[in-house]
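Before any questions on binding or motion, here is one chain by itself as structure tokens, the form predicted on its own.
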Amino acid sequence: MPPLRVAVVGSGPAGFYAAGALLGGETAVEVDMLERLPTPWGLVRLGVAPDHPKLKTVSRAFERIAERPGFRFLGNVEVGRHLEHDDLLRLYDAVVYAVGAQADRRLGIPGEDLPGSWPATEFVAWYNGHPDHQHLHFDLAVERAVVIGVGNVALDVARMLALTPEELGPTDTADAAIAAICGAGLKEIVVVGRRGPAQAAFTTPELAELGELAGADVVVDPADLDGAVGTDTNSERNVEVLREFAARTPSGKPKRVVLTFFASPVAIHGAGRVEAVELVRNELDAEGRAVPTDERRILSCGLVFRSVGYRGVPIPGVPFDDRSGTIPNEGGRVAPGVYVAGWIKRGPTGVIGTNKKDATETAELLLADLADAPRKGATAAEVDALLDERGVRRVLYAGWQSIDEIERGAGEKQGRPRVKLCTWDDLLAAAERLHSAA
């Protein structure tokens, strides 16, 4: 029987773990990984904070998967533009969507779209060198920025804004972002959570890291910790770290990171751009839900970053649950021949490693469903012929290796892991430069 031909859409952790599980079984499988960008790794490259290089080493496991027989990376191929869902159903025996949760949840308050109010993910993509976001201009010449949300992404944004030139220098932060952050006039970054310290979603190592910033004091109001009791090991440790922060005497560092709890934004104010955020004081009810009080305050600021959750984006022709922002599925199965893995399957929860179990579950279900099914997938050559016919300038894995080699080479000269290429033109040119004969 010919190999099972599977398209995996998305090249982040969920996509690679799914490919690894498909290629590691007894069934003969060929995987085409379709990625809109010229580069793989998803949020490992473009979401993990640049000052967290250890988290990026998971890409070594993905490199080993990419070396397996039957694997192909097809970068610069966009589903919904170059190939439609119906094309994938015709070309492959099965399709696995591992496209993540690409949109931010909105606050739903007046002034949310004022200039200076940003989704946190756009800032993260910008400082990580995402080619779609390099045209953005973040005016950091303000004294105070407010970050709405108390998850790890909110902490990443606050920490990146507080880093000194010496802390940013050895990272792979985009050059334009390094220049902007180092030249910023910021004095205070306020992180706002609607519930209490025990309900905050950040993980303890990321929280503790704030206390090690070279150029920023961390400030916590001891009153916010009155009666705070963790509900699990992580929240217990978070409360301990926050108590240690609250007991500190500020040392006079040039910036302050202020962690504020029991507050929700009700409006963003400004004449033409962000000038202040209006916060309501909350109390927790018996179920731990935030209930607004009559107490409000106006906090002046020049920037607001919104980090209150993420949701998936619909794919034309594929079912979508607008309420959860996911593709409805049972254990990863959407419909015959259509599967999902990662955040688009379960919602934006867990850490990078969570995707391995999730994607393996999907792959095992797919293999069981199609074990005895007749093969209908087109050959790799037939897929290539269709992409050629449609004029798609795709980037193969050798092209990504060329990009990687150029970036690492530039980084080595500066004592950095890499200097990222941040524009589509530069990335596509680099993909063809060193491995044009491959």
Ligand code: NAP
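One-based numbering along the sequence shown. The shown structure was predicted, so the numbers you read here are calculated from the model rather than taken from an experiment.
What comes next is about the form predicted together with the ligand, which does not appear here.
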Margin query: Considering non-hydrogen atoms and a 4.5 Å limit, does the ligand approach residue 133 in the predicted complex?
Written below: no
Note to self: in the predicted complex, is there a heavy atom of the ligand that lies within 4.5 Å of any heavy atom of residue 333, even though the partner is absent here?
What the structure shows: no
Item checked: Exercise: residue 206 in contact with the ligand in the predicted complex, heavy atom 4.5 Å -> yes
Notebook entry, point to check: Using heavy atoms and a 4.5 Å limit, would one call residue 216 a contact residue for the ligand in the predicted complex?
Noted result: no
Next item on the list: Have a look at 133 to 141, 295 to 303, 167 to 175, 196 to 204 and name the one stretch with heavy atoms inside 4.5 Å of the ligand in the predicted complex.
Entry: 196 to 204
Margin query: Each of 148, 308 and 350 within 4.5 Å of the ligand in the predicted complex, by any heavy atom, yes or no?
Written below: yes
Checklist line | Single option in 257, 163, 277, 153 placed near the ligand in the predicted complex, where near means a heavy atom within 4.5 Å | finding: 153
Item checked: Heavy atom within 4.5 Å of the ligand in the predicted complex - residue from 126, 262, 92, 343 -> 343
Item checked: Members of 107 to 122 lying within 4.5 angstroms of the ligand, judged by heavy atom, in the predicted complex -> 107
